[in-house]
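Presented below, as structure tokens, is a lone chain in the form predicted on its own.
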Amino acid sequence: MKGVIVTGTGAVRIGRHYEKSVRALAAEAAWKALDEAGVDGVDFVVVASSLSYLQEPQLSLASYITSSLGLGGARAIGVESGETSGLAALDVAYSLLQSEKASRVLVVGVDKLTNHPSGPTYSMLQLLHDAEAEAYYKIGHAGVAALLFRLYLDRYNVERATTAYWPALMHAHAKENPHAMLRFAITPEKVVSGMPLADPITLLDAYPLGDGAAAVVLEREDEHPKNPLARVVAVESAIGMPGPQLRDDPLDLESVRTVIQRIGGTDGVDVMEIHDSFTIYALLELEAMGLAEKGKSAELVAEGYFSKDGEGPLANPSGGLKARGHPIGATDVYKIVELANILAGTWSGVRRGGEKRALALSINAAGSEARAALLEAL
């Protein structure tokens, strides 16, 4: 197996970038990554984007982003896999390098969620779910999560106030993240009393709508890259049922269980970035990953188990989707940017120090698909 090394990273602070196009955002992140890697050319550019294909009057987006970067000699590949698009793009890049079809690959993730008013954007986000079931009946992105959240609270007799410690922790972490959209603290009490979105979910349980772009340069280790930051050990994926109503247990994220098994488990993982578009998904993922017993993840979070000074892996030092933001196709690439810099010791945000092994996990919708990547320090 050929070693694959992250050598350059770049990211735009997530926000409402009305004045910047998708291509401009992608270029800003890409040039930062190329500059950090100390290179001016690549063999492939792999572009992850999701809502862009619904919002932008542009197909073949990857080729146009590549040419706008002045990388006319590079090959371009576009990847769309819903909320897991960024890790899908990483998987493609990893495979290109492992197969020796490429020596250097630029991965770019980009999406704009503010090109249209919130109403049409939320309608587009429904299409992350099965278009023949949840999306067809217009239950909504938050609606599906709310049904799972209510079932979770009732089945395990979990206090709503206990679950609110997750978003509070995310905001505490995001304050230190230069890429984060919501850099302010909140209390668990404020989460519970927030504006309802879909009972029991409140506004502070959900991710903000924002625009973003992130990029990483990957190189083969045997090419002796100039700026080695971290090694990509493995990238895996797993398919789940199209919707939670089709699972034997709606609260069992079987796609997460499978992808964690395929990647080798969580032993030795010091830091992780998981998918928390809504609070309930973070809680269910921690349990599916084997890091908490069924119905006990919220309690562990409230006790500080996944915090900087806790005994478990440090969870979402970026602030997660909840507070860093979730520009869909770019989100997973942000995770790789952040984890690579933590492992390299160059991260300016929350970290413990001395991290050796990192995990990025993503799901689409309510678990229809899961992807994971394992990184290690050099």
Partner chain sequence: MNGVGAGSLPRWWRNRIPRYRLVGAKCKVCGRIHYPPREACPYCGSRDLEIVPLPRRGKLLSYTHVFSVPGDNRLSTPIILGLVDLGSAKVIAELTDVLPEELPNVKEVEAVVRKVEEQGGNGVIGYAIKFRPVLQATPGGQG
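Positions refer to the first chain, counted from 1. Only a predicted model underlies this, so the values are computations on that prediction, with no experimental measurement involved.
Separately, the form predicted together with the partner chain exists; it is not shown, and the next lines address it.
A residue is said to contact a partner when one of its heavy atoms sits within 4.5 Å of a partner heavy atom; residue 119 meets this definition for the partner chain in the predicted complex. By the criterion of a heavy atom within 4.5 Å, residue 247 is counted among the residues contacting the partner chain in the predicted complex. Among residues of the shown chain, residue 131 is one whose heavy atoms approach the partner chain to within 4.5 Å in the predicted complex.
When contacts are judged by a 4.5 Å heavy atom cut-off, residue 233 does not count as touching the partner chain in the predicted complex. With the partner omitted here, the residue from 226, 150, 296, 160 that has a non-hydrogen atom within 4.5 angstroms of the partner chain in the predicted complex is 150.
Proximity to the partner chain in the predicted complex, defined as a heavy atom within 4.5 Å, singles out one entry of 241, 300, 263, 74, which is 241. The candidate site formed by 168, 178 and 180 is entirely out of contact with the partner chain in the predicted complex, as no residue has a non-hydrogen atom within 4.5 angstroms of it.
Looking at 90 to 98, 181 to 189, 255 to 263, 137 to 145, the stretch with residues near the partner chain in the predicted complex, meaning non-hydrogen atoms within 4.5 angstroms, turns out to be 137 to 145.
Counting a residue when any of its non-hydrogen atoms is within 4.5 Å of the partner chain in the predicted complex, the hits in 162 to 200 run 196, 197, 198, 199.
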